[in-house]
Every structure is written in C-alpha cells, then in structure tokens.
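So this first bit is one chain, no partners, the form predicted alone, shown in structure tokens.
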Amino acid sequence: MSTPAEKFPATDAAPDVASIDAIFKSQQETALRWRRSTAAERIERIKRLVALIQDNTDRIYQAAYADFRKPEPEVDISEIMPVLAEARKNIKKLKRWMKPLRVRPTATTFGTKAWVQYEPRGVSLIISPWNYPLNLSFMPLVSALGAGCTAIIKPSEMTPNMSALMRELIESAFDPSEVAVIEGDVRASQALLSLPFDHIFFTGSPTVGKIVMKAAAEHLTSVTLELGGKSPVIVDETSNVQRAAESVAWGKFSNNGQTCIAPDYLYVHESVRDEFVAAAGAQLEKFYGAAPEQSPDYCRIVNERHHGRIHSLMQGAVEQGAKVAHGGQSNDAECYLAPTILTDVPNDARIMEEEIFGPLLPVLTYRNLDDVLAHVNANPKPLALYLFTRDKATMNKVMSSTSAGSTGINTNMVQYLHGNLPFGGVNNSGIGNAHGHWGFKAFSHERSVVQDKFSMTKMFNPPYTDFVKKMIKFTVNYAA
C-alpha cells in the first residue's frame, strides 16, 4: 500500500546518525548469529510481537484516532487482524518453510544430491507509510523475523502517535540489536538508505520507490517495493450493479480512500451508469449517514496538505466539466472531505493523471470494452484491477489483455487479506511479493547446494578424445 507521490515535510529534529550507525552495526553482529536460528527461536520472536499487539490494542486504537480519527473497527480489520493472521501463519508453517527443498538431478548431474537451502538475508530495513502504519510496519516484520533477519523499521512521521507507540512497544520487547524503530523525517530515511542493508522492504509511492531503489543499487541490496498507481474498476452491463456498488463504495471510502489498492477510477457501461451511481450514493448514505462528517465510522485525511491536494483535484475536475453526483462537502480545518462521486470527468483532468489517495471516485462511461482496455494498457501497470461481471468471456478477455499486481473479480480489496496469495505489484506498481510464504522468501536467500555422490561429470574433462567429444555432443543434444 502506498502514499501519493509527494515528499514528506521535514521536521526540525535532525537524525542521530551515530546512533543509527551503532544500531546497524549491532544488528550485523546479531544477523550472523541468527543464521543458525531454529524455527522455535524464530517463532518465539514472532510470539513476542503478537503479545505486544494483543496487550496494547486500546493504545493502538487511541493512536490511530489521534493521527486521523480512524474508527476502532477499521483499526481491527485493516491494522491488527492482518498482522495477527500473518503471525499465525508463520507460527504454523515456518518449520515447513525452513526445510531444505530437495530437487531431482538432471541427466547432466546424475549422481549428485541437490537442494535449495533457505538462509536469512541478514539486516533488513522496513520503510513504512502513514496510511496503515501498524499493518505495513509489522506485517513485513513478521516475515523478516520468520526468515531469521534482524530489522530496522522507519515509520512515517506523518502519523506521529502511531510511530511513537510502535517504537515504545518494540523497545519493550526487543533489544535494538534485534529490532529497532527509528523515527524522523526524510533525513532519517536518507541516513538509513546510505547503509549497506541486506534487504530493503519499502511501501510507498513509485516516485519515492525509485529513490529507494537507486540507494539500494549503491550497495547491490535486494529490494521489495510495494508501490501504488491508479487502480481501475470495470463494471459491465451483466454485473450485479447493487453488489458492485456496495463493494466499490466499501473499498474506495474505507480509510477515507487512503489505500493503495482502493479503486482509483471506474469505467461503468453506459447502460448501467445511472443505476450504479444511484446505488453507490445510497450505499454511502447507508455506511456513513446523510452527514458523514458526523459519522464515527468515517476517518479523516491525514493532514491539511493532503486535504488541500485532494480538494484541488476535485475542484479542477469540476472546473473542467465534471459533475458532483454525491458528496463534495469539505471542511479544511477538520481535514474532512465527504465521500464524493464524480461523473462526466474529462480524460485530461488532473484527477485522471495522479493517484487520488482520497475519497473521490471518478465515474466514466464506456460502450466498447476494447476502449477501456486500451486506456488501462496505455498507463503504468496498476497495483490492482477490479472487474464486476457475470460473463466468463469478459473475465477471460480482461485477464488476458491486461497486467496488474492483483485482480479482484466481483470483489474489492479482499485479495490483500487472502493469506494464501502473494501480494505485490508489477513494474511501476512494485517489485517482488509479500505475505505468507512469499513474505518468508522475500527476506530469505534461496541458496543452491549440490553434493557429489557418484556423478559422471568427470567424463567431460580434457583431454577431449573422440569418446569425450561424442559424450559432450550427446549431452548437448539430449540433456534436460
């Protein structure tokens, strides 16, 4: 999940570079010891993290509310539940994941024994964003601990209450040589990125992702990048419009639209456009009432700067001819923007170019599906693509004609909660995967090992007699 492509504001406090260096060096020493860690030892560390969350849920609720008035049920389902589910899966499966993976010999390597051995990458850096601060810090931490890695977490300064709480919790359960939280602004990130980490797990915007990848290249550090982009939704004429409207309304406006896999814009077939817009508006009133500003279930935009950016996207679209079909109310002082549906949005409006990352849903109409697919393919590959249809041929066509990090068919955002699926982007929307076994592998090096038993490869050694040449030719032509 990601943040929009803007740089974070600097604070007055400069990072303590000496302290950061000391923590990094101590973790290098710990990482060497942890290479030999057992499944039981790693599970014990994960259980420590689980206990931290379970023993401090009230404080987590308070911090999330203080940062952007996030309601407790959303904290449960989007912050706490995913981390606990990830931890439980690691606790259950880790021993199996850590086992060497035996592989069969090939014709060329007959007489050898071979396997893949999973080893910790080492010292890892987790840079997390503000929109789901606990989830996007602690879920990769579970994977890092499961893989046997140490970790330094750099949370966002834009959710200071949650960042401070995470630091306090981690310091109460882990030595800094094992896991540490470094608070601060972009300068703290820069200080961390100058160090030779063994793996970097970054969640954020494509713009900042490029900066992270460039810094990682200086040390040839492996990366997992969970980025964002404009995730499209297609609602065709065969869809269950009421169910589609409910699903899109939930996915788009939960967390005030500040979710990287939230629907960013929607193409709906012209024959059901009006029905969809009316149904979506009715769902929003059902979710948040006639006055969402008074609803305890509707959180706020993270700060005034982001509120101003999102509000200007709406104003710009309206000035170019877009119509507000639902919502549109704003309160700058409260960082409030009502859940808003826009219709008749011009393709060249700024709202169609930037990742919105807020409670605005542009609704466009289409007649020919090929035109929609052409638009999707003309833009960077999204982190998610959603399709609402009851036609199997349409499903197959959309899946075979597009590329996206993940896809939901007749559902919305649920793929993130599916612990048996990899989560990640493609190209502009990300590199690598996370969650479950894929998260374990992200923080692990798959080491190839071959042990000779009675192999015949010495037959290929010089001198190259006629017999050796024939054996080589035979192997070239037939070996697999």
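Note that the coordinates shown come from a computational prediction; the quantities given were computed from them, not determined experimentally. A residue's number is simply how far along the shown sequence it sits, counting from 1.
A second form of this protein, the form predicted in complex with a small molecule, is not displayed here; the remarks below concern that form.
Although the partner is absent here, residue 34 is not a contact residue: none of its heavy atoms lies within 4.5 angstroms of the small molecule in the model of the complex.
In the model of the complex, no heavy atom of residue 236 sits within 4.5 Å of the small molecule. In the model of the complex, the small molecule sits within 4.5 Å of a heavy atom of residue 423. Although the partner is absent here, residue 78 lies well away from the small molecule in the model of the complex, with no heavy atom inside 4.5 Å. Each of 156, 189 and 202 places at least one heavy atom within 4.5 Å of the small molecule in the model of the complex. Contact annotation: the small molecule lies within 4.5 Å of heavy atoms from the stretch 181 to 189 in the model of the complex, the single such stretch among 287 to 295, 95 to 103, 181 to 189, 328 to 336. A heavy atom within 4.5 Å of the small molecule in the model of the complex is found for exactly one of 144, 268, 260, 244: 260.
Of the candidates 211, 373, 114, 349, 211 is the one whose heavy atoms come within 4.5 Å of the small molecule in the model of the complex; the others do not.
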